[in-house]
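Read the single chain below, which is given as structure tokens and is the form predicted alone.
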């Protein structure tokens, strides 16, 4: 990976829904709505000057999120930026994934074999499809926030670097060029 990204750029999904689809109705229902919102998000990501970038997609003002919109706004966005031919180096955090959103988000992540770092209102959690080893490593990194190369080996053993690098490839953590790692949520909390 390259240098550490700057602080996340917050993208208010409810505002985008209101601006793109239906003023004063931040409901994400129907696939065309989800596609329009995702395309608007992608346009905002394209305008971020710093590469790599971290975007914090905020669902605070989204009242309803159905499965088709979760598929468009969460899953398809992640899939696009995980591909080798992705438009740019981008990482994502999802904020305010409440009870009304969680089931749809977890379902679409599972269908696609994806995972995402989501703030559920009580802190960041890893939702979606991950192995036990990935989940354990992610929780350890989340607990520490940042970890240097020497601590990485001490904390995770000989398999630590490949597991953390795998989390970074899945856009679930940040892997530094010098061999250290950083939880995406630590980037969101940075001063």
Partner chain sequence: MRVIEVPASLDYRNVEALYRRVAGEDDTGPVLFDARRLRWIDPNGMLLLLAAGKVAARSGNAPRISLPARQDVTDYMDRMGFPGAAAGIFRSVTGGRRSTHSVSDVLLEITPVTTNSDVHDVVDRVQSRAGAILSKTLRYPPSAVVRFSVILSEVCQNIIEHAEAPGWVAAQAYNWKKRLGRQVAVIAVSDLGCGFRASLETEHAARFGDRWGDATALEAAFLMGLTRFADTGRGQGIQQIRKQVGRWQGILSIRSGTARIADIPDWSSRPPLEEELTRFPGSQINIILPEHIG
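If you're wondering where the values come from, they're calculated on a predicted model, not measured in any experiment. Residue numbers count along the first chain shown, from 1.
What follows is about the form predicted in complex with the partner chain, which we do not show.
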Check residue 82 for me: does it contact the partner chain in the predicted complex (non-hydrogen atoms, 4.5 angstroms)?
no
Just to confirm, residue 64 within 4.5 Å of the partner chain in the predicted complex by heavy atoms?
yes
Does the 4.5 Å heavy atom contact test between residue 86 and the partner chain in the predicted complex come out positive?
no
Should residue 125 be counted as a contact of the partner chain in the predicted complex, where contact means heavy atoms within 4.5 Å?
no
Interface segment, criterion being heavy atoms within 4.5 Å of the partner chain in the predicted complex, picked from 46-54, 129-137, 147-155, 33-41
33-41
So in the predicted complex, are 165, 169 and 176 all sitting within 4.5 Å of the partner chain, heavy atoms only?
no
Determine the residues of 87-111 with a heavy atom within 4.5 Å of the partner chain in the predicted complex and present them in sequence order; the list may be empty.
99, 100, 103, 107, 108, 111
